[in-house]
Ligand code: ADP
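Presented below, as structure tokens, is a lone chain in the form predicted on its own.
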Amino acid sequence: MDAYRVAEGTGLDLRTIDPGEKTAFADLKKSSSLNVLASYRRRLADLQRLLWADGSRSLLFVLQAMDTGGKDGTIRKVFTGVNPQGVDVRGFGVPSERELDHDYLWRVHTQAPPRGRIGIFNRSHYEDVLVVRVLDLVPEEQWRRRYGHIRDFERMLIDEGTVIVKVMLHISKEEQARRLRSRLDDPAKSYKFNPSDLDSRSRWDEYMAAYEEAISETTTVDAPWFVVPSDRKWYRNLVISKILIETLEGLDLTYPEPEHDLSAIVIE
């Protein structure tokens, strides 16, 4: 999955990444991907149970995308089968008045996952260098210094035992149009449609520039960004599942020894 990892210190040009490519699973089609995804789900469930039992680390999964990018679908498809008691999903919309009375990271820090758990951020602190930038909600000097704040914040979480994986779901503007039309045409999806989505779409190039700089400025060896081609939903699900599995497998987690001597216990 290193092909989708953004290296620290390199600039990102999203125009060079094809949102529809499927190189990592080139031999698969949508129909044949389901069995692979099922095996990944089982492995992820096993690793989540091990993370809980080990109790020394936590996993923060940060998920960012344009409107219709597939954040909800990714969470639903990838984490199906994982024990919900060990996973917390947090969404970050427009800040409340109370949240605005604090620093912009306050509401985020309170939701960071404790040891033994997986925390999923559906949107995140990165909204404060994306939406805030594009909509000109704060001066440029203010949002630019936030890159350093974010790097330091994530460094602190890492030092205290949290492993961080950040993913941008990269879709094409054409695919977004198809998904927006499907929301208009399908009564089961139309409730999701918001006219403000069209405002964001009209600023597509501005958002791409904001993503490129934010990712370039905050991807690090220990808190990497992955840009995942997401026009194909099945491919997106496989790639993200594999990234999470490889990350958890690299933590050297172990089941703890029993607190009591079990050798003499007989259950009749």
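Please read these numbers as outputs of a predicted model, since none were measured by experiment. When you see a residue number, it is the position in the sequence shown, counting from 1.
Unshown form predicted in complex with this ligand; subsequent notes refer to it.
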item: The unique member of Pro139, Pro195, Pro187, Gly93 whose heavy atoms fall within 4.5 Å of this ligand in the predicted bound form; value: Gly93
item: Heavy atom within 4.5 Å of this ligand in the predicted bound form - the one residue of Arg117, Arg179, Arg123, His149 that qualifies; value: Arg123
item: One stretch from 28 to 36, 222 to 230, 66 to 74, 235 to 243 that, in the predicted bound form, holds residues within 4.5 Å of this ligand by heavy atom; value: 66 to 74
item: Glu127: touches this ligand in the predicted bound form, heavy atom cutoff 4.5 angstroms; value: yes
item: Val131: touches this ligand in the predicted bound form, heavy atom cutoff 4.5 angstroms; value: yes
